[in-house]
Ligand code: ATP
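What follows is one chain in structure tokens, specifically the form predicted alone.
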Amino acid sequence: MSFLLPKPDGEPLTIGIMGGTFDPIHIGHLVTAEEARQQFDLDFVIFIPAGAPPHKDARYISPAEHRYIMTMLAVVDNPYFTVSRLEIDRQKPSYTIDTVQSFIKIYDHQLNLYFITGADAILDIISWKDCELLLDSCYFIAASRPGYSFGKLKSVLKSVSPRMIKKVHLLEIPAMAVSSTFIRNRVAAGKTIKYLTPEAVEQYIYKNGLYIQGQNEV
């Protein structure tokens, strides 16, 4: 991550990291990242495609190189977005704490980290590996669509630890009923996915026969 240079005034960078399978990446991911960047004054947002997600069956996930390339294609025109191969190159199950600690080590603690994820995922935070250390290492941005009730999330966080309330920031993003599963199903059914993902990603999916029988492997 040497291309993310320190600020001229010597202040630590404020970075958002957005992990996910990105199978494929879609406009919901991009809108969430951009909204988080603006609302929390992030210097950069780093997208981190998962290598071997510990909670997903690898048989049903596209090869990591395909997912990495699609993510690169999706963010290339945003100077505040970049993509890391950190988890892909790790070649073993990777947990959030591993990724966060790697960034802290790279920047020798001269870094303010925000982990961007969905509000629903935050509900499971107490079951994440090394939860307490994770809370000491970064802040969380819990993103959701308008109309989502943050009441349950706040209640869960408060019941676990009052400290979690201070570490988790809530972010409402524009409503978009789109997901990677939705896109995969539409491709498999022969339906259009135009405007659901960047055009370069759409073309990559068709060119490489992803999400249909006989998909190519990288």
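Quick caveat: nothing in here was measured; it's all calculated off a predicted structure. The first residue of the shown sequence is 1; numbering continues from there.
One more form of this protein should be noted, the form predicted in complex with the named molecule, which is absent from this view; the next part is about it.
**Student:** Evaluate residue 51 for contact with the named molecule in the predicted bound form, applying a 4.5 angstroms cut-off between non-hydrogen atoms, and reply yes or no.
**Tutor:** No, no contact at 4.5 Å.
**Student:** Is residue 98 close enough to touch the named molecule in the predicted bound form, meaning at least one heavy atom pair within 4.5 Å?
**Tutor:** Judged by the heavy-atom cut-off of 4.5 Å, residue 98 is well away from the named molecule in the predicted bound form.
**Student:** Whether residue 184 contacts the named molecule in the predicted bound form should be assessed with a 4.5 Å heavy atom distance threshold; does it?
**Tutor:** So residue 184 counts as contacting the named molecule.
**Student:** My question is simply whether residue 62 lines the interface with the named molecule in the predicted bound form - judged by any non-hydrogen atom within 4.5 Å.
**Tutor:** Although the named molecule is absent here, residue 62 would stay clear of it in the predicted bound form, with no heavy atoms inside 4.5 Å.
**Student:** 104, 76, 126, 121: which sits within 4.5 Å of the named molecule in the predicted bound form by any heavy atom?
**Tutor:** That would be 121.
**Student:** Looking at 137, 84, 117, 94 here, can you tell me which has any non-hydrogen atom within 4.5 angstroms of the named molecule in the predicted bound form?
**Tutor:** For this set of options, the contacting one is 117.
**Student:** Would the named molecule be touched by all three of 18, 21 and 26 in the predicted bound form, meaning a heavy atom each within 4.5 Å?
**Tutor:** Every listed residue reaches the named molecule in the predicted bound form, so yes.
**Student:** Look at the stretches 189-197, 36-44, 176-184, 155-163 and give the one with heavy atoms within 4.5 Å of the named molecule in the predicted bound form.
**Tutor:** The contacting stretch is 176-184.
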